[in-house]
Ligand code: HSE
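Next up is one chain by itself, shown in structure tokens, the form predicted alone.
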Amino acid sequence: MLHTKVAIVGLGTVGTGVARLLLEFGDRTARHAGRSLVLEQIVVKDLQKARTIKLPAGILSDDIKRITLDPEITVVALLMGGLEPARSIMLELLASGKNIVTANKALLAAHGPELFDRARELGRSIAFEASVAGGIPIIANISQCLSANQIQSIHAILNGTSNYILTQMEAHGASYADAVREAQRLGYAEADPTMDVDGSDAAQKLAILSHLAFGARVAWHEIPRQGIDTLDLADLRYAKELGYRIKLLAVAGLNSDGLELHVSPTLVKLGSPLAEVRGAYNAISVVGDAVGRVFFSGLGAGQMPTASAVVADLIDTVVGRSTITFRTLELWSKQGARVAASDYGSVSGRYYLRFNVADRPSVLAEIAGALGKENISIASVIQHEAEEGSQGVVPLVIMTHNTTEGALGRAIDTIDQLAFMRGRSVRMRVLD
């Protein structure tokens, strides 16, 4: 049987999973590729680090030239995290004639145009299915399977860590801090979980998906985002009382002004597919003008789900499918964006609001007045009696009718300055 030599740079969690699939299930990959994928070299930073996989003698090295100077290695899985030295190594690999498979969404979100332009100049390809949503084949589905459609919208849970934390809080009453610690214990969250819980990780993935689906060229850090790190258990309880569940949603959608983009905690209707995605799972709801709504769900991170996507890209690259797709799509090309991001202030929707207020007359009237000045109407109100020990402070929960982000922001700025307010207000978008 024919064979193709491949290499791996980075043998962390995902790299180890990729090596395991290549070494232990070679017959499976050969069946799909029509040839054997021979793992020729693995390059790592620290040769002394303990490994959880038994490797053939002689393939582990800390010298990237073992790959770049071997003309028989044609495909490399670059599985390092971060921006540098991952960027420099990718450029070096491309210059040496290698096609690339990567799972590094931060690298693509930050340097996609430079890296993709360089790959095109050199006649190479970059495949990146594993960079978004782990084992869910969303890149292939948007760029290939749904190519007959104009994508209308994407609503997605793109961070399994945040979804796990929200599930622990909502289902088990765990505090945010306790839920984070449990996620860290299980390996879902890093020692520093900031990128997961503040919405940055989801924004990086949304930048990639919005480029694929809409031709947008938006820097991920320019996408409006709000995380779950300030979420209170009370909001999950009130959401459930109203018939919703809170999820950290990444949203991209065409509207009359351009492309709506944001990442934020959102109330999602109980019983809807997105609301029922629990634990460390990801989910993506896509609406196309021809196909209608399609829904994808699965593990969005972890060793083997992500390794599954990497090896699928290796097979596609060896077979030649990735090269054709890469050349045809012209991703992050020098062409201008097909659609621009709309003004976030003009984005419309319904909102959940919670105010902690002094328990006294006319509070609701004053809040309603501030909302009314911005033409924001109230759909429903929840106000429970003050609990013992509350020191005269009660929560007031309001669901609005449709309004814009800008109008609501102005109203909230006014309300937060009112004398009866105790602490800042909470606001979240609502997806019906």
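From 1 onward, residues are counted along the sequence shown. This structure is a prediction, so every number in the text was calculated from the model and none was measured. Think of the rigid core as the biggest set of C-alphas that the two forms share within 1.5 Å after superposition.
Just so it is clear, the following notes concern the form predicted together with ligand HSE, a form of the same protein that is not shown.
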| item | value |
| --- | --- |
| Options 137-145, 296-304, 237-245, 253-261; stretch whose heavy atom lies within 4.5 Å of ligand HSE in the model of the complex | 296-304 |
| Contact test in the model of the complex: residue 201 vs ligand HSE, heavy atoms, 4.5 Å | yes |
| 4.5 angstroms heavy atom contact with ligand HSE in the model of the complex for residue 222 | no |
| is_contact(residue 161, ligand HSE) in the model of the complex, heavy atom dist at most 4.5 Å | yes |
| Contact label in the model of the complex: residue 188 to ligand HSE, heavy atom within 4.5 Å | yes |
| Contact assignment for ligand HSE in the model of the complex, among 98, 211, 155, 105, heavy atom within 4.5 Å | 105 |
| Members of 193-226 lying within 4.5 angstroms of ligand HSE, judged by heavy atom, in the model of the complex | 196, 201, 205 |
| Threshold 2 Å Cα movement between this form and the one not shown for residue 184, core superposed | yes |
